[in-house]
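Two forms of a single protein chain come next, each set out by itself as structure tokens; they are called structure 1 and structure 2.
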Structure 1
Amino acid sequence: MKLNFHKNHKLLFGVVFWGFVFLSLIIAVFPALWVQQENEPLPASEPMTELERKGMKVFINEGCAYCHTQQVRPIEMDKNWGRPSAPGDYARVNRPSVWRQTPAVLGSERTGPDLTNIGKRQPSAVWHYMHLYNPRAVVEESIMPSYPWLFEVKNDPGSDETVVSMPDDYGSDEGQIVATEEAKALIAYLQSLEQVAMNAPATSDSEEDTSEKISENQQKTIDGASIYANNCASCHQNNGQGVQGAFPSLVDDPVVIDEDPTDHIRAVLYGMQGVSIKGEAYNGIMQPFEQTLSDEEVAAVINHERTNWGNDAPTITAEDVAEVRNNDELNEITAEEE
């Protein structure tokens, strides 16, 4: 009678409780401990700085993980976000103390884009500040909420403060928008989110890394419109009009419509910073695509820019890109400008 679950409630609850503990240990706890002990950071990855770690805390406190993931799945629709994620990608995200759990940054809801590689896809701090203050300023169709409490409005900001320039329709009428320390930390954290090659040595710009990325890209269908949408539209916008005061328009741009494509190719390959276009200065950083796009892809996206939105400039070939990429004299000039 003592072993009868129908008459011995202590036996029933004891079996249920210890069964739950046993299954939790063999299914969740022990495998998790094994992964934490065996998981090593990827060789080319870097530990987070104190500012980036503070930014991760802001990321969690503001609930960013409720809409954004940091885990690229090995499926076709995730290829735009980077290579499939691996345990080594998260080896540097450690628990703050033995009494606190590992920060939950992976997320599960994909309301917004995956942020695993956002630091590489969008390295411009200017863009991130504008996007954080009002996402519609740089992505018209965005449904992400604004975070104005991470900024202050001041009439006379100090020279060491980060002033955020916004288009007229999105700025403040009461003064200049200044980033708080929390905003700076969050942007630093987002910029640090970059995937590294699985088997790369402890340097991210090796020739092996470059060849691998270019080889992977060459396997994709080369479509200038898609490449532009994935790499350029966040700043220059889908209509090529750019963002007033922050990112230049490509419509009727002197470089884009120039019959000589050399400067256009150099801009895409090596990036730009601190340029003046049609009398307006742009201080933001345009990332270089030298190591992430093949000659064929650079030619495709340049041809997209030169033949859309009213632009009618001569198209180029992959050979034209290769000629600029391999021109030592031009590369020396570019290095001196940087």
Structure 2
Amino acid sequence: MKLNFHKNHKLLFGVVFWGFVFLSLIIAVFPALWVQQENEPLPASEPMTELERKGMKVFINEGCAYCHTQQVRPIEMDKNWGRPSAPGDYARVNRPSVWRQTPAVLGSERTGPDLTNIGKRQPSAVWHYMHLYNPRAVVEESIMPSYPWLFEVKNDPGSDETVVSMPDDYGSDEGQIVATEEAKALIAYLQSLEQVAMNAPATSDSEEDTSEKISENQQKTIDGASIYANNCASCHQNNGQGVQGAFPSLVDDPVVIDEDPTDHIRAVLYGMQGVSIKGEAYNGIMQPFEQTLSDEEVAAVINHERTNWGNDAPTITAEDVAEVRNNDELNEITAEEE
């Protein structure tokens, strides 16, 4: 009678209570403590600046993490977001104040792209400001909300203020669009999101993975159109037209349709900044793809650009890319220019 769950409520609910406490300690509290002990930022990483930390707060307050993950999984399909995320990548994310918990930057859904490496993938602040003010100005099919409340409209902004020039359809009639401190912080945070090198690769099922990788790599053909869509279209757009005043059009662009592909290859490999094309100055930064794309991939994407949207320039091969890549003289010139 005493030890009867059906009749002794103290026994029943005692077991229910303490049993659950015990299980919770094993599966949650102790692992959390243990993980915390190992919490160590990667040696190559740098602490967040104050501005970046403020930007992370804006990111969390506005609920960006509901649509954007910062979590690259150790599986083939996540490869284009970066290397697999490691615990050390998150070691510097901590509790902002006594009122709130460590933000959940890992995310649970990818309605929008993963942001683990957005700082590397999209280093241009110009792009980020335009995209934040109205995502559809730079990515036509985007369903991300606009964030006009992170900007002000002013008639004559001071010279130290960040003015965002939007294409005609998306701007404001009442004045110029100026980024607030919050917007600047948020962009600084996004630009800081970049994976740093790890000492040792930490995939737990690396064996299974490598075999998978080999087989999938053999099947995968290099497709210039999809490389373009993944790496170039957010600025130069799917139709190659770019964005007026911000990102140059590739249609009839002198470099793109030039018989000699050297400058085109260099632009893709080493990026560019502050150039003037057909008399119009562009302030945005184009990032280098030297590290992320192979010779074959660079050749494929360049050929895609050279033969589409009415462009009709001679195509190139991976060897042409390798030639530019291995030519120290050309590299030096680029370094000077930058």
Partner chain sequence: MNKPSAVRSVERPLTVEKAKVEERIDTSPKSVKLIFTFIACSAFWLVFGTLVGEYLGFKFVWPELDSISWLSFGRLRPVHTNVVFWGFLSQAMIALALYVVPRTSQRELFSYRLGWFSLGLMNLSIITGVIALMACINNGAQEYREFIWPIFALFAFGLILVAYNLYKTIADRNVKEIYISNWYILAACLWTIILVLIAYLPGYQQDGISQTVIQGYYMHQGVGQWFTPMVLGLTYYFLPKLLNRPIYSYSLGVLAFWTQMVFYTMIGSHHFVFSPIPWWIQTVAIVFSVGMIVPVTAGTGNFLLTMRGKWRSIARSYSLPFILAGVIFYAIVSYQGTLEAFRSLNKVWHFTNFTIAHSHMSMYGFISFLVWGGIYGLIPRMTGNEPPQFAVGAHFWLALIGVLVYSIPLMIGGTLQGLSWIAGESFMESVTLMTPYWVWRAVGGTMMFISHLVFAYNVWKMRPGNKNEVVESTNS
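For clarity, a rigid core is taken as the largest C-alpha set superposing within 1.5 Å between two forms. Computed from a prediction, not measured in an experiment: that's the story for all the values here. Residue positions are counted from 1 along structure 1's sequence.
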_Number of the structure representing the form predicted together with the partner chain_ = 2
*asked:* Using the rigid core as the reference frame, would you say Asp156 shifts its C-alpha by 2 Å or more between structures 1 and 2?
replied: no
*With the core lined up, does the C-alpha of Asn80 move 2 Å or more between structures 1 and 2?*
yes
*Core-aligned CA displacement of Pro145 at least 2 Å between structures 1 and 2*: no
*asked:* Please report, in Å, how much the Cα atom of Val98 moves between structures 1 and 2 when the rigid core is superposed.
replied: 6.6
*Any chance you could measure the C-alpha shift of Gly14 between structures 1 and 2 with the core superposed, in Å?*
3.0
